[in-house]
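Shown here is one chain on its own, the form predicted on its own, set out as structure tokens.
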């Protein structure tokens, strides 16, 4: 069996009357790149804060490296690298001062690797944090998160502030490098094309609930997109077995199905419809279908 770095069981969290997470259950296998997707307010950051032990679960349980992060924070946090979405760094420090300060907390800090990252990210270590652009702040945050070679890397919206070229080249390279060394990456993002490009596993949150969780290849294989033409015009989307989304107008419709291909084909035959195109939908299309379908 695959060893799991994170195990979450029936996790629930509420803030007053707002249910931020509801009965969330999934595991993150060791050595995987695990993408956590959802719109803003879906519960992604709240879940990551539970992994860090910053929040206590209202119900259910969470373990990281087999430990409870709230009860044993030192044992858990020492093995985690974390990049927050808000890039909250001390603005009065220079980059080199911040690296020196942060390295004192981690016996495993790799100074040579940190220098390589400075070069890779094209950073001037004498610059003060307050003078950095949003993209530069993201690079510094990534450097601090991975220079001690953590066993688990948590990234909350890591591409925020990065231009498309930097996002593609740097983020993907780091995530794959960490995973190839046997370490584990859990990152949240609302950029689903990015998640699809680098993830092994994916979990989809909506309104604090888990819509699906599986290996990425399995999620893509389970869904199919069909463009169909019906013999007659219809005023509203037809009720097709297995469809999670049906969009179009008149007699031409785009349907995303979650399995049940035989039932779909039977329905199409019974209604004298024809298939114009059949393809595998992107993760973005699956998410839109699941959330808005």
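Positions refer to the first chain, counted from 1. In this text, all values refer to a predicted model and were calculated from it rather than measured experimentally.
Absent from the display: the form predicted in complex with adenosine-5'-triphosphate. The rest refers to it.
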Option from 238 to 246, 44 to 52, 253 to 261, 27 to 35 whose residues, in the model of the complex, bring a heavy atom within 4.5 Å of adenosine-5'-triphosphate:
44 to 52
Assert contact residue (adenosine-5'-triphosphate, in the model of the complex, non-hydrogen atom within 4.5 Å, options 72, 85, 110, 214) equals 85
Checking 190, 167, 176, 100 against adenosine-5'-triphosphate in the model of the complex, the residue with a non-hydrogen atom inside 4.5 angstroms turns out to be 190
Check residue 39 for me: does it contact adenosine-5'-triphosphate in the model of the complex (non-hydrogen atoms, 4.5 angstroms)?
yes
Is there a heavy atom of residue 283 lying 4.5 Å or less from a heavy atom of adenosine-5'-triphosphate in the model of the complex?
no
Residue 20: touches adenosine-5'-triphosphate in the model of the complex, heavy atom cutoff 4.5 angstroms
yes
